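Alright, two takes on the same chain below, each alone as structure tokens: structure 1 and structure 2.
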Structure 1
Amino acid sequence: MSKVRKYSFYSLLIFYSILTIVPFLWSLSTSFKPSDEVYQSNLIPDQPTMKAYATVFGKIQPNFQTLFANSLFIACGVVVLHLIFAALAGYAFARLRFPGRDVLFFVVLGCMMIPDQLRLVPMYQLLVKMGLINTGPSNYLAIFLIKAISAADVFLMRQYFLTMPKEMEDAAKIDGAGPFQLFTRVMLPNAAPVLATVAILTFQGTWNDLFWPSIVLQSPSHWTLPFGILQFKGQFSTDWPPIMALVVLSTVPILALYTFGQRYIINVQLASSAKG
């Protein structure tokens, strides 16, 4: 590479990095600014203050702790459901022979094509009939039911189990293990990377979801972080620091997850592009 090319190359890379990182630094900076500094162009606040954080941790209803707990509870619950169902179905479709397998797998693939927006009206009607659209704790069940299973995750698990070498099973089979023991003792322990992938992507998707929570969750004490941001943005239209504090606080966990789980996310992007 010539020197000129090299410099222009790096300046492009740096320019785009600024474009992706600086807006987030700006939200961080604004969350520490007093109200009269909000529209000033200094990245480092002249008089940094924790007032915005005091507001979101204490004054707002529901406060940040509640929003965080709801987001965490819903995301973890959905992760557990997806892991269990995707592992069970993925293993059966990949490794077991049974009448009707191909037809049933075709049904699973068909489910991937049904967009959430089509499910909105019938799902809502159904949840009303089941009495799950309410302000009590059973309202959480509505979210868990809607998100109980993901066809894409079943597909991902199946693809992974298909690639595992047959020899691993054969050795256990000779020792007299049945299909259930094969699943728990041989397949699951070796599926850790894909289980991590499913868990991370499900967590990220559920944590970030605005659509279903904004439709289903009835009581402010059930709101998740994205739903809280939507609501408070309306209430605090001119008071940016607390909103920016919420933006920062809701992004940090997902950033941490991404940093620690980066290789699994790259993996799944590969896997899901292969399934195209």
Structure 2
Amino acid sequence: MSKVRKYSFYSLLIFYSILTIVPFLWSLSTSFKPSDEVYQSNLIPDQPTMKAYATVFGKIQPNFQTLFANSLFIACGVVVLHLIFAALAGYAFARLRFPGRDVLFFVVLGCMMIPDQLRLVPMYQLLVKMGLINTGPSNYLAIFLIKAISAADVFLMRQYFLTMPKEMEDAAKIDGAGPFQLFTRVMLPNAAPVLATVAILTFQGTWNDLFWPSIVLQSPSHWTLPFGILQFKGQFSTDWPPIMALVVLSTVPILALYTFGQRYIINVQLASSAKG
């Protein structure tokens, strides 16, 4: 029975892997197809062409380089904010003692169940009153304020800090370390896996986000990569090869991040489930 369970589990993983990779392979294939082959079922194009990639790099406005730079700037900025605020909040919930700590933590967890669409109107009104809408580069500040922290990241940081031995802090306190020194010199250096996980997940979510950028970034010069895809979708037809080329190019940074950082994600998932 153990072999049956083992092979059944592997078969399930293989089936799920196929379901995951086939859409990407189809996107890659379509990006090299001429327009008259798009709706054919062949995975390998009969007449492969780079025309779609030439269109992406040369015929969209703003160009691919601008879209890529904007996406990279926003994603990296949000990652930095998440690392700072999630680490501070996670450490406070895990190690500090203050009135209402557990109640406040459950309130933070409750925020995970509130979709962005429900806070759209009040958030937009607040940004308008702050003068961050239609004000050029300040649109980036609006994005950073909206996405400055995530309840899921706070949860990950808190769970990981709970797994760290209390003896490390006790030894540092004996040496005269204060709360801030404990955080920066003891806890953070040992939290590299969870910090890497937060950075990867935050970068991926921000990189692919279209909802808030479509509302806040109203100037074409500030658009991100998901906006580029919309340029090839017309009212009556869709130019699929350039869309797929842009999708493939947009996926490369995410694939690179997950390739080099997947071990951190696995370690943190195991640690976060070990202690509640």
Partner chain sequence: MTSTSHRTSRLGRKRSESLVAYGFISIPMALFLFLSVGIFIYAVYISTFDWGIMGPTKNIGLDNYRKAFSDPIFLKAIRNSVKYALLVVPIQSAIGLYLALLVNSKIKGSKFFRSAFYFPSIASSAAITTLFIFLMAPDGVFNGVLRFFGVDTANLFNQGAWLSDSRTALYSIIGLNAWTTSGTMMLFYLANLQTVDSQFAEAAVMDGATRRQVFWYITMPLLKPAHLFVVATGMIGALQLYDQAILAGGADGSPDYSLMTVVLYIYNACFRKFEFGYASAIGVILFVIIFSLTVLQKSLFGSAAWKGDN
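Sequence positions of structure 1, starting at 1, serve as the residue numbers. If you superpose the two forms and keep the largest set of C-alpha atoms that fall within 1.5 Å, you have the rigid core. Note that the structure is predicted; figures quoted are calculated from it, not measured.
Asker: Two forms of the same chain appear here; which of them is the form predicted in complex with the partner chain?
Answerer: That would be structure 1.
Asker: For D209, is the C-alpha shift between structure 1 and structure 2 2 Å or more after core superposition?
Answerer: The answer is no, as the C-alpha of D209 shifts between structure 1 and structure 2 by less than 2 Å after core alignment.
Asker: Taking the rigid core as the frame, does N42 move its C-alpha by 2 Å or more between structure 1 and structure 2?
Answerer: Superposed on the core, N42 moves its C-alpha 2 Å or more between structure 1 and structure 2.
Asker: Quick one: once the rigid core is lined up, does V56 have its C-alpha move by 2 Å or more between structure 1 and structure 2?
Answerer: Result for V56: yes, a 2 Å-plus shift.
Asker: Once the core is aligned, what is the C-alpha displacement of S11 between structure 1 and structure 2? Give it in Å to one decimal.
Answerer: Its C-alpha position differs by 9.5 Å.
Asker: With the core fitted, just quote the Cα shift at T30 between structure 1 and structure 2, in angstrom to one decimal.
Answerer: Taking the core as reference, the C-alpha of T30 is shifted 4.1 Å.
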